[in-house]
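To begin, one chain is listed below as structure tokens, in the form predicted alone.
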Amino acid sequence: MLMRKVVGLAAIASVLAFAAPATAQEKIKIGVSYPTPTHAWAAGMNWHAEVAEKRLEALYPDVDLILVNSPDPSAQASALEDLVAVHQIDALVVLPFESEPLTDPVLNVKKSGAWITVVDRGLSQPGIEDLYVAGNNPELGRVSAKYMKGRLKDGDNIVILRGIPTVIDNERFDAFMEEIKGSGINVLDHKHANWNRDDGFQVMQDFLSRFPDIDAVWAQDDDIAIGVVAALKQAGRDGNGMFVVGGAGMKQIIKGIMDGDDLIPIDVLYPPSMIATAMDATVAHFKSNGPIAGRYILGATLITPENAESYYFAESPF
């Protein structure tokens, strides 16, 4: 399900292209708050936010997008206070560092009269946001499992490297396991690798030492997948049809798919560009004649050699 109660991205683009500009005295100030990048996906998100800022401000001189990244929940809460007190924002696009400590600060922004868009990590209190934009974590698990079922046969063995113990990880894992139920594929073991390539390397080394027959790996995440590939190559276990399925849309992985990499033949999208989508939709709230509210859940697209070029951003750090 791509969205509920919200216009489609194509419609948003159309609305933005044809909406009449506001007068100069109606300057629209939109704060965009997100964590300081600490890993590759977040760095990609930062890049997409900056690109969207330039594009939207060039299209609408009366729109002022104020981007702020914060290194921890406390700093992000302070940044939200400044966006209201100093910049007097009309709207907020926020990807919370953590859900619980950012719920009250976002609620305070809401009480100031600002329109709220929450991205990816939901708040702990429902109903604060006007719009929620996120990737589809259960679908990421299902799409990965469907690909596995199409490549593997009854009795084949896989191992699973999970992310950080979170709701997001549970949603992905549970949906994956439900999809492969009854397929005859054996899950030898699953362990958390914390969406980290070093942890991915170490966990995969452990799996390789314990299981002489592994046919495929679900790494769930591209950083983990890179660590898995390094472990496979070091052990000389990267042949005989072995393959790895990651996720997110890292440009290094997508470039490999474009070039016909047999070890990581596909990827499943969890777009770092979702914050740009949220920025587009928030601007559309002020520019469109139609309602922009509800939930916008992005699809978990299967990236293959046939469509990989569409998801490759050479200048992005991710």
Partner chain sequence: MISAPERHARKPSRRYALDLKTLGPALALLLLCVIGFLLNPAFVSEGNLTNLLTRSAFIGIIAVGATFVITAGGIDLSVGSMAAAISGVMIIVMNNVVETIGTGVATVLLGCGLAIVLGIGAGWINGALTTKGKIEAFIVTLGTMGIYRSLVTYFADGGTLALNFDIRGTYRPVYYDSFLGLPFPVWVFIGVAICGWLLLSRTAFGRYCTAIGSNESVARYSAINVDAVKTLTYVIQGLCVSFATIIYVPRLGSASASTGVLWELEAIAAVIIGGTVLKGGYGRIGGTILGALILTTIGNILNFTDMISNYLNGTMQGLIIIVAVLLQRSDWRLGKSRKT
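Residue numbers count along the first chain shown, from 1. Remember, it's a predicted structure, so these values are computed and weren't measured experimentally.
Although it is not shown, the form predicted in complex with its partner chain is what the next lines describe.
- D64, L67 and A91: each with a heavy atom within 4.5 Å of its partner chain in the predicted complex? So, no: the whole triplet misses its partner chain.
- Among 230-238, 175-183, 143-151, 213-221, mark the stretch whose residues have heavy atoms within 4.5 Å of its partner chain in the predicted complex. Careful reading of the contacts points to 230-238.
- Message: I'd like to check something about L188: if you look in the predicted complex, is any of its heavy atoms closer than or equal to 4.5 Å to a heavy atom of its partner chain?
- Response: Heavy-atom contact with its partner chain at 4.5 Å: present for L188.
- Query: Applying a 4.5 Å heavy atom distance criterion, does A40 contact its partner chain in the predicted complex?
  - Reply: Output for A40 is yes: heavy atoms within 4.5 Å of its partner chain.
- Query: Does any heavy atom of S99 come within 4.5 Å of a heavy atom of its partner chain in the predicted complex?
  - Reply: Contact check for S99: no, nothing within 4.5 Å of its partner chain in the predicted complex.
- Message: Test of understanding: in the predicted complex, would V203 fall inside 4.5 Å of its partner chain by heavy atoms?
- Response: Yes, V203 sits close enough to its partner chain in the predicted complex that at least one of its heavy atoms falls within 4.5 Å.
- Contact assignment for its partner chain in the predicted complex, among G127, G155, P165, G113, heavy atom within 4.5 Å: Only one listed residue qualifies here, and that residue is P165.
- Query: in the predicted complex, which of the listed residues (D72, E81, D198, D104) lies with a heavy atom within 4.5 Å of its partner chain?
  - Reply: None of the others qualify; the residue that does is D198.
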